[in-house]
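Okay, here we've got a single chain as structure tokens, the form predicted on its own, with questions on binding and movement later.
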């Protein structure tokens, strides 16, 4: 399931209007959609929020991938419904909460689907975050597909040796994961050592304030998007709170 979610959120470069936007603009769009999803307390608001998430996802040609991630998150949505019903909530309130949770997932996923790890690193640098934190965060994102690939290969290799991961009780299944986790941890440690040597050979940390080849600059299409996102988002938030 984790692999399927990652495949749905994996960045793929496309020449769409949304992909060409500045990453800061895309982050602002996701934040506005996230806020609208949090503020939705009835079906009318949830429908409006869903349409607002679907429009940029369609423009980015990523609607099917977002819907795939949302479909994989339905299990957690059902869990939210059950918890709210046990807490004394009504069926309608529980469904609205579940839909809100799925919209939060979709609005957050929209940013990662349309933004590369390099662009995310530029945004973190623009926020003046510590260099070590930015490097560690960006590197962890880049290593996720590598770890998933290693995990898949290890599971296939162990199954070919007779390992049965889907049989037995809960304790038995946890024990069956040991032959998978140990090689995965060893591979991760070896790869981290190789990364440390590569960083040292390239003089990482030798300069306190290193410069960058790429600098974020807003273009005409970015300003046009901001002219829609900022006033439109503020108006919708006001309508959600006081009118709708």
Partner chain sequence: MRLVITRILVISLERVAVEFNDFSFTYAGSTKPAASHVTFTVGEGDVAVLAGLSGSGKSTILRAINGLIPHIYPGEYSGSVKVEGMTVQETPTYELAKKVGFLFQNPENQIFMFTVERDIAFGLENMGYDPKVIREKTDWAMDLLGIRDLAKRSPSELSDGQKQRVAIAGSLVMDPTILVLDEPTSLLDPHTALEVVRLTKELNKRLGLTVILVEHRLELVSTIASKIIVVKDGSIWIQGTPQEVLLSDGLEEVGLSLPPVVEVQRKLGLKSGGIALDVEDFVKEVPRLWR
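Numbering follows the first chain given and starts at 1. What you see is a predicted model; the values in this text were computed from it and never measured.
There is also a form predicted in complex with the partner chain; it is not shown, and the following applies to it.
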| task | Although the partner chain is absent from this view, report whether residue 74 comes within 4.5 Å of it in the predicted complex, heavy atoms only. | result | no
| request: Verify the contact flag for residue 141: yes if a non-hydrogen atom of it lies within 4.5 Å of a non-hydrogen atom of the partner chain in the predicted complex, no if not. | output: yes
| Counting only non-hydrogen atoms and a 4.5 angstroms cut-off, does residue 51 reach the partner chain in the predicted complex? | no
| Any non-hydrogen atom of residue 204 within 4.5 angstroms of the partner chain in the predicted complex | yes
| Of 216, 55, 47, 199, which residue is found within 4.5 angstroms of the partner chain in the predicted complex when only non-hydrogen atoms are counted? | 199
| request: May I ask you to choose, among 129, 165, 83, 146, the residue with a heavy atom within 4.5 Å of the partner chain in the predicted complex? | output: 146
| task | Tell me, please, which stretch of 38-46, 189-197, 24-32, 60-68 lies within 4.5 angstroms of the partner chain in the predicted complex when heavy atoms are compared? | result | 189-197
| What residues in 108-137 sit within 4.5 Å of the partner chain in the predicted complex, counting heavy atoms only? | 117, 118, 121, 122, 125, 131, 135
